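Consider the single chain below, provided in structure tokens and representing the form predicted alone.
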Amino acid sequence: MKTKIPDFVKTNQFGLLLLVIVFILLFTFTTDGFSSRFNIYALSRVVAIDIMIGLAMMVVILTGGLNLSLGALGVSAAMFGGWCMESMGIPISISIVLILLFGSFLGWINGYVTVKTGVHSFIVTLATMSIYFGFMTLLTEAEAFRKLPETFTDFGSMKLFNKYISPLLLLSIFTCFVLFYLFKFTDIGRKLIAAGANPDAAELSGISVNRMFIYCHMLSGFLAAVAGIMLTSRIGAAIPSMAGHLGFDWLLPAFLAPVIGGTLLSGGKVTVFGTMLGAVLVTLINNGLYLIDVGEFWVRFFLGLILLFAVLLDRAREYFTSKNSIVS
């Protein structure tokens, strides 16, 4: 009697899960300190933010576009939050709401300019990356906000599960479940996927494709703002350079996580948990290579190779994927 192979075993996510396990075992036995409590906790803090960054890029890739302004957007939102809490004395809960609204607004600008001009979001967000970062630097005079409320910064340094896991990771996992539910079980989520998969057919069926694309950019801005909040809480301050110059430090995980996870660069397919596993895999490799004492250049070189492989894999995946969009 033939044994049927479970559908999950055939998915990209299963392959990623196996790779994550393989690299965990490899680095556990070949490096000193990889499985230590300190390193696992540090990993949970880093991967939490990388997951959020990957999700923020994923929802724009759904439209067949890109958001190069993620880092600048997230840092601008975080700096705005630092100003709200430190300079204006606004309570934490209200400040967080304002940060998320601000991030969504910057995302709306990206989406609105993209759909109204017809220029690819790659170009639009390349421009807004410099605009957001430059405007933020001008307003803050490149000064950090370091006197944030202790309740806010304590969350980023909190340790759970016998001091192994950061609550930031739980927040990212919760966000994954929310997005999975959004795309899988809600009408608006299905419209977003339909607009990305086949804009012409979606328009004929009564879906406003332009509006859906703007929603995706707003959601990307919202998630980038969440990542900015998490990073600020983790380091205990809102610093203009916390995502690198113009936010460049966010771009590699932003591309790697969703593409390795199975999100098609051509749009029309999202893989929420694939993006999560992709972020975990990249963070594991990055951390393990540093523990092996590989130089910074070689770490970047290796991650660049992974990105190139991911893009080639995306081309192959697009070729073999059916026209019907799916969520996994």
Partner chain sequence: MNNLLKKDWFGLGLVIILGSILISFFKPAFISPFNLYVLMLSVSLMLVVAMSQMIIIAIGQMNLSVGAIGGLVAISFTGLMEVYDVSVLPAMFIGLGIGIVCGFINGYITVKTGISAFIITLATLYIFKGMNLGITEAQPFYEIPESVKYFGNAKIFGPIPYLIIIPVIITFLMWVLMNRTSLGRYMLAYGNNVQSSELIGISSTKIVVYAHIISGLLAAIGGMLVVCRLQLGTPNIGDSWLLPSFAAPVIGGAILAGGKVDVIATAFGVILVAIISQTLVIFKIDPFFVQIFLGFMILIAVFINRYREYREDRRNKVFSNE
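Positions refer to the first chain, counted from 1. What you see is a predicted model, and the numbers here were worked out from it, not measured in a lab.
Below, we turn to the form predicted in complex with the partner chain, even though it does not appear here.
Contact with the partner chain in the predicted complex, judged as any non-hydrogen atom within 4.5 angstroms, is confined among 291-299, 24-32, 277-285, 44-52 to 291-299. Interface residue remark: Leu100 is not counted as part of the site for the partner chain in the predicted complex, having no heavy atom within 4.5 Å. Mapping the unseen interface onto this chain, Pro149 falls outside it, with no heavy atom inside 4.5 Å of the partner chain in the predicted complex. Not displayed here, the partner chain is approached by Lys116 to within 4.5 Å at the level of heavy atoms in the predicted complex.
The partner chain in the predicted complex comes within 4.5 Å of a heavy atom belonging to Ser130. Contact check for Thr137, Gly304 and Leu307: all three have a heavy atom within 4.5 Å of the partner chain in the predicted complex.
Scanning Phe185, Phe105, Phe161, Phe248 against the partner chain in the predicted complex with a 4.5 Å heavy atom cut-off leaves one residue, Phe248. With the partner removed from view, the residue among Phe222, Phe80, Phe213, Phe255 that has a non-hydrogen atom within 4.5 Å of the partner chain in the predicted complex turns out to be Phe255. In the predicted complex, the residues of 255-275 lying within 4.5 Å of the partner chain by at least one heavy atom are, in order, Phe255, Val259, Leu265.
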